[in-house]
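Below sits a lone chain in structure tokens, taken as the form predicted alone.
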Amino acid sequence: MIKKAIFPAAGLGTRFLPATKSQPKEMLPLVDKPLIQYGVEEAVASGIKNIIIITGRGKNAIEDHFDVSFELEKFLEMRNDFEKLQIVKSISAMVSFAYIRQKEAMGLGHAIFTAKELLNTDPFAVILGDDIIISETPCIKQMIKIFSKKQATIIAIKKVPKSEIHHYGVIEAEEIDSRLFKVKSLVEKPSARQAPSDYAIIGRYILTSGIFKTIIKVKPDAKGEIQLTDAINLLIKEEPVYAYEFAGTRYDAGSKMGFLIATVEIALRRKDLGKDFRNYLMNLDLSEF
């Protein structure tokens, strides 16, 4: 029932300057694939058929990456490099893409609202490319299974240490089943003392079309942004909202340290790289650094 997914990708990526001065943060390579491709592959593996990417100025590389590359394909074909040719072709053929330009960086809620006309009244997924999730069953697929039973908004959550809770949106909720919570409210970046729980909101959502009615009621915050958290808090007053503690490992690739950790651990998981990379790390003399 969930066939469409939104990828907000209009941010400036200032935490990764100067690397993001002339290329989108979403195109930074995690081993040998750009960040955004991990999320797209998760969506496709979850049965998503249409992907809407919200872009901004300087984001053309994202469109080029998922488009057909005639010159590169011809070059690889002439060199009989059919393995790489298949990789290149599979990227442009994996799913249908649409692009919407967010002319001003006005927050996640505003980014989602720009896609309203393409979504109609359909429920849809939202995937934040900064959050890389490695799991046996794709995270969004796990959430779609919950949605099929509840027919309501689902938010992905994970437990985080109290010392880190101030970096996240946090749920106040009642557990109603294994890993499943009915949400009472969301609190954006509370202190450890004020946090209603240690369950943090992670960058995966399934939203009903009701979210558009509440987004338009949200007032911009001090930065002039329309926050999705505020819109969901309004939605809770009108329809049920649930939170699901997904199974899997999440990497915060939106921070430098998280990006480095993701690079190392994903490389170790790779069949073609893992063994040699593990041997390198085990023999690394850390006293030189």
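Start at 1 with the first residue shown and count on from there. On a predicted model such as this, the values are computed, not experimentally measured, just so you know.
From this point on, the text means the form predicted together with 1-O-phosphono-alpha-D-glucopyranose (G1P), which you will not see here.
Original post:
Which pick from Leu108, Ile133, Ile215, Ala125 sits with a heavy atom within 4.5 Å of 1-O-phosphono-alpha-D-glucopyranose (G1P) in the model of the complex?
Top reply: Only one option qualifies, and that one is Leu108.
Original post:
Here the chain is shown alone; which of Asn50, Thr55, Thr263, Thr229 has a heavy atom within 4.5 Å of 1-O-phosphono-alpha-D-glucopyranose (G1P) in the model of the complex?
Top reply: Exactly one listed residue reaches within 4.5 Å, namely Thr229.
**OP:** Using the partner position in the model of the complex, report whether Arg250 sits within 4.5 Å of 1-O-phosphono-alpha-D-glucopyranose (G1P), counting heavy atoms only.
**Re:** Contact check for Arg250: yes, within 4.5 Å of 1-O-phosphono-alpha-D-glucopyranose (G1P) in the model of the complex.
Subject >> Close approach of Gly169 to 1-O-phosphono-alpha-D-glucopyranose (G1P) in the model of the complex, 4.5 Å, heavy atom >> reply: Judged by the heavy-atom cut-off of 4.5 Å, Gly169 is in contact with 1-O-phosphono-alpha-D-glucopyranose (G1P) in the model of the complex.
Original post:
So in the model of the complex, does any heavy atom of Gly203 sit within 4.5 Å of 1-O-phosphono-alpha-D-glucopyranose (G1P)?
Top reply: Close contact exists here: in the model of the complex, Gly203 approaches 1-O-phosphono-alpha-D-glucopyranose (G1P) to within 4.5 Å, heavy atoms only.
Original post:
Hey, in the model of the complex, is Glu77 touching 1-O-phosphono-alpha-D-glucopyranose (G1P), heavy atoms inside 4.5 Å?
Top reply: Result no; Glu77 lies far from 1-O-phosphono-alpha-D-glucopyranose (G1P) in the model of the complex.
**OP:** Have a look at 182-190, 139-147, 93-101, 80-88 and name the one stretch with heavy atoms inside 4.5 Å of 1-O-phosphono-alpha-D-glucopyranose (G1P) in the model of the complex.
**Re:** Among the listed stretches, the partner-contacting one is 182-190.
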